[in-house]
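To begin, one chain is listed below as structure tokens, in the form predicted alone.
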Amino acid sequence: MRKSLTVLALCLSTIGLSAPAQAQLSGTLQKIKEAGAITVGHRESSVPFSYLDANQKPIGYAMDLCAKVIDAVKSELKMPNLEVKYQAVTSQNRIPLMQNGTIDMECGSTTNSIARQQQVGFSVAYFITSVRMGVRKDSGVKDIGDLNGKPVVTTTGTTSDALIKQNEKGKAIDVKNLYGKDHADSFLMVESSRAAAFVMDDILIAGLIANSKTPDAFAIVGPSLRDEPYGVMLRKDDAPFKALIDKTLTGLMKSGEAEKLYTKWFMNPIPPRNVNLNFPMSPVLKAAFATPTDKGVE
């Protein structure tokens, strides 16, 4: 009898220990489990982070990193056949689509800023960019001061727009602000000479130039307006999901796998035109890989 009671007590103890573990599932992980699917927000023209290939499939450096996160989610939830859905997003609608539950994480070229942290959450940074200007070489624009009285484009909903305004005030220059619906649209305005400059993250400009019809006609000029970290965007205050994403990305950085993915997308020919961006990893990004952080910019 005593042995039977002991076995029963152990069984009850095991049940008691396992119940709280299940109860801890919450937020996005719970949503994913209940839906049997995870929805990934992606960009359509953020080369080489998240963009469409010739078959309209989302690919890129950020997409490869997020594929590793998806594998971690499958393992965490014990759902190897978890359905993966993709939802195209823009600079303007990415945050609302995260907040209303349409997407579960966004994998693109989204800057982690203090202002955005009031609305959404971010992983540790997987890229650090510098905001500069993309111009036609024949435009005569080489510095911010050369923009006075000229039309300047940035993409609707991006942090670069705020930087233009800050710089206008600081240097007392007067420009006509234009807004592209996405990065490709913004670059097209410079390409067609409707705008004198495209103020945006240098790597995104580099990707657009490399894939243009006449790459030699364009240049990235001017000083860096500031450095900005990119992170996977997720819902605000979702600690369990953020912990899983950060653990996955940090592991990739520490193992050297993230650097291999960087080399794949920034230092080798990439689709759709097999252009090599030839964009070496910066010292700032190397430091971010060595000591991962989710600190946002002001």
Partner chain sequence: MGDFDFGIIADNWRFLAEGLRYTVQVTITAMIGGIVLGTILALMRLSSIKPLQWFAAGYVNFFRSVPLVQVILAVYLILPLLLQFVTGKMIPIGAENSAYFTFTIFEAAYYSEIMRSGIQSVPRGQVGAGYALGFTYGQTMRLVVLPQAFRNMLPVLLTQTIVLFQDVSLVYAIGATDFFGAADKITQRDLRPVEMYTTVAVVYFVICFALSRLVKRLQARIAIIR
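Everything quoted here is computed from the prediction, not taken from an experiment. Positions refer to the first chain, counted from 1.
A second form of this protein, the form predicted together with its partner chain, is not displayed here; the remarks below concern that form.
May I ask you to choose, among Leu188, Val221, Leu77, Ala217, the residue with a heavy atom within 4.5 Å of its partner chain in the predicted complex?
Of the listed residues, the single hit is Leu188.
Heavy atom within 4.5 Å of its partner chain in the predicted complex - the one residue of Leu52, Leu261, Met267, Ile70 that qualifies: Of the listed residues, the single hit is Leu52.
*Quick one: which of 223 to 231, 122 to 130, 197 to 205, 87 to 95 gets within 4.5 Å of its partner chain in the predicted complex, going by heavy atoms?*
Of the stretches listed, the one contacting the partner is 87 to 95.
*Is there a heavy atom of Ala184 no more than 4.5 Å from a heavy atom of its partner chain in the predicted complex?*
Yes - in the predicted complex, heavy atoms of Ala184 and its partner chain come within 4.5 Å of each other.
Contact flag, Pro272 vs its partner chain in the predicted complex, heavy atom cut 4.5 Å: Taking the distances in the predicted complex, the answer for Pro272 is yes, it comes within 4.5 Å of its partner chain.
Exercise for the section: Classify Gly145 as contacting or not contacting its partner chain in the predicted complex by the rule of any non-hydrogen atom within 4.5 angstroms, answering yes or no. Expected result: No.
**OP:** May I ask you to state whether Thr250 is within 4.5 Å of its partner chain in the predicted complex, using heavy atom distances?
**Re:** Close contact is absent here: in the predicted complex, Thr250 is far from its partner chain, nothing within 4.5 Å, heavy atoms only.
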